[in-house]
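Next up is one chain by itself, shown in structure tokens, the form predicted on its own.
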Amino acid sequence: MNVIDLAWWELAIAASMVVALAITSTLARLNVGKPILVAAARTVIQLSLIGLVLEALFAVGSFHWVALMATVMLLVAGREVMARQKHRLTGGWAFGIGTVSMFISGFSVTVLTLTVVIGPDPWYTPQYAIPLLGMLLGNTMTGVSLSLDRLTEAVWRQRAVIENRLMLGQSWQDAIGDFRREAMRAGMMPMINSMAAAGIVSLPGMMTGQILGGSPPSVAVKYQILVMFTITVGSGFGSMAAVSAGSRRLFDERERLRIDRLSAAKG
């Protein structure tokens, strides 16, 4: 099966629909017209550049270049996690906790999947490693950012409740326990919903891309199941690790709530 290539003028038709959406939202006074256009422009520029980078990376196939690419992806994801929080941990902790959590969960699951399940030779073959890591990091980033934002927002709003619990003799784990659990659930819920709706409500992106690229649907289905399971595992463990580390940072060695370790709301 031959893959149908797309001309730039055909992509321009799709772009015109995005412009129409931006104009419509502006007329409706939604204040998202400019962000839509900026995001669309970033999409074109970033994906075009990454296409060139990946072509060069696939041609070289060196472990050092794959590791460098993976490191850049991780650092950018860590920055996005920090930027999406309304109240963030001060002193670089928001970036550090998010990045380390994604590294522990995303990289470990990616390496395990490449070495044990897929088994390319070598295991870091960029055609497999980079797309898989990208999907894992992207979804883990969403889970970690949602969970940390839910945690810090709850602590900021309910600090009086937490302090009252501490004064009544509860440990810091018990005082913040329900907020931690709710934050972890918030980070896992998007992937749970995606798995529940896959194949009935939606056809996931990787499966659709493989089918459009000419792969048999049976092969595309197996890869999509693998990807959704690994993404769920990475996102779940990443959310739990981030919330655990973030909640501990909010208390000092004497188990006092340190609300000063959270920044004020942005904007």
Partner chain sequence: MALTIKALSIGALKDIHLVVEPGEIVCLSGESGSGKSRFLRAIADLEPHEGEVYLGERNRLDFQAHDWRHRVMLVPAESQWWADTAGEHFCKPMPKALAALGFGDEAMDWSVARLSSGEKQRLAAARALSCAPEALLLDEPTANLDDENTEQFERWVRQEIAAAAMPVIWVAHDEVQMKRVGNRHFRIKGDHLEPAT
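A quick note: this is a predicted structure, and the numbers were derived from the prediction, not measured. Residue numbers count along the first chain shown, from 1.
FYI, the form predicted in complex with its partner chain isn't displayed, but the following is about it.
The stretch from 100-108, 193-201, 69-77, 164-172 that comes within 4.5 Å of its partner chain in the predicted bound form, counting heavy atoms only, is 164-172. Shown alone here, residue 116 lies farther than 4.5 Å from its partner chain in the predicted bound form, counting heavy atoms only. For the chain shown alone, residue 258 is a contact residue for its partner chain in the predicted bound form, at least one non-hydrogen atom being within 4.5 angstroms.
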